[in-house]
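The form predicted alone is given below as one chain in structure tokens.
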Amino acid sequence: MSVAKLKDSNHLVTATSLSKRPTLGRRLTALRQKYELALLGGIFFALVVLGTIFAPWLSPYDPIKQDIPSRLLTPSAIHWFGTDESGRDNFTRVLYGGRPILTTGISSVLLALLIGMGIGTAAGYRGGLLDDLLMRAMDIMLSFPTILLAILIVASLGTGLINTILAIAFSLIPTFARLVRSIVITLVREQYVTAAHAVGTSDWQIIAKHIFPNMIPPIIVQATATLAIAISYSSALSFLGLGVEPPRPDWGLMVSQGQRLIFDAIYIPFFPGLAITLTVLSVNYIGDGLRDHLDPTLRNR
């Protein structure tokens, strides 16, 4: 074959491969179809976060100030979610009520993640007696139902946002500790870690450069799934009167206060309960999408 024909054939192969390469629009469409529920969950959760942040600009009403003449109004164009027995606008209170729930959920997960990563890394990397002591402590914590452990801690420390965060975080530590330990035990046996030990690399450098980056994907997935649990626990503690104190709005507290009016004004507990349900569901969808994307065994299905 001549040089000219060879060049022509190469150009033909290149053009054919380029024509078969999916365009950006097709790839975005494929991603949207594959992670449709995760995208919907992400959009809804982003709207919830933005709604709680910009609540003063989204509603002209005060979430605490009472207006007795306007009590128990049904949903309308003026009061989208109606008013409660004190005349306060329910839509405004739902917006503001998401603040303590999201603050508690996100803060408790971050705190539990940091402590759990420290415990799990120390147990998995060092092993031996330290591993046994730390994991037996985690087993003792896991022997209690998580929500019951959180209730016991809040009942001991007292109500309030900070105590609720500490209680939920403490009850979630074993989840992250055992996950990180299992990851570290697998990674310390890899050849690149052994080679790093052989050339005299310090333990802190090995953890920072070789172990920590490889545990990030499963940790992100676990943290997202745990966030949904933390939001549920925060709402449950508030429902039981162990969260924020009234008159500050909170989704769980609003459901608790409105349950006795469920037959006369069902919209009072319905909307905060719906907010809890949809928020937890959206976070679960985000976690499922992250798991499918970050897990190499599921990514190409």
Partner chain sequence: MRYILTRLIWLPIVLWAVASLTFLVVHLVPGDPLSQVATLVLDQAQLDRTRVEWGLDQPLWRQYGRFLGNLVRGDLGVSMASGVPLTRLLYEKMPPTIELALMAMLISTIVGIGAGVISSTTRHKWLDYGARTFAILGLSIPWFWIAILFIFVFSVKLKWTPVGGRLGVGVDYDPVTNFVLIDTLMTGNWPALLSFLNHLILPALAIGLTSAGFVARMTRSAMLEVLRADYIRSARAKGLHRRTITFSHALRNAILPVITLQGLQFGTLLGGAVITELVFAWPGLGRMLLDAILRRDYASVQGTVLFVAFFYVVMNLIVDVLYHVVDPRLREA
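Residue numbers count along the first chain shown, from 1. Just so we're clear, the structure is a prediction, and the values are computed from it rather than from any experiment.
Only in words, not in the display: the form predicted in complex with the partner chain, which the text now covers.
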Answer yes if any heavy atom of G41 is within 4.5 Å of a heavy atom of the partner chain in the model of the complex; otherwise answer no.
-> no
Interface membership of I162, the partner chain in the model of the complex, 4.5 Å heavy atom rule = no
Interface membership of F45, the partner chain in the model of the complex, 4.5 Å heavy atom rule = no
Using the partner position in the model of the complex, report whether G273 sits within 4.5 Å of the partner chain, counting heavy atoms only.
-> yes
For this chain shown on its own, do R136, P145 and T277 all sit within 4.5 Å of the partner chain in the model of the complex, going by heavy atoms?
-> yes
Taking 4.5 Å between heavy atoms as the contact cutoff, choose which of I64, L58, L240, V49 touches the partner chain in the model of the complex.
-> L240
Looking at V193, M117, I153, V221, which has any heavy atom no more than 4.5 Å from the partner chain in the model of the complex?
-> I153
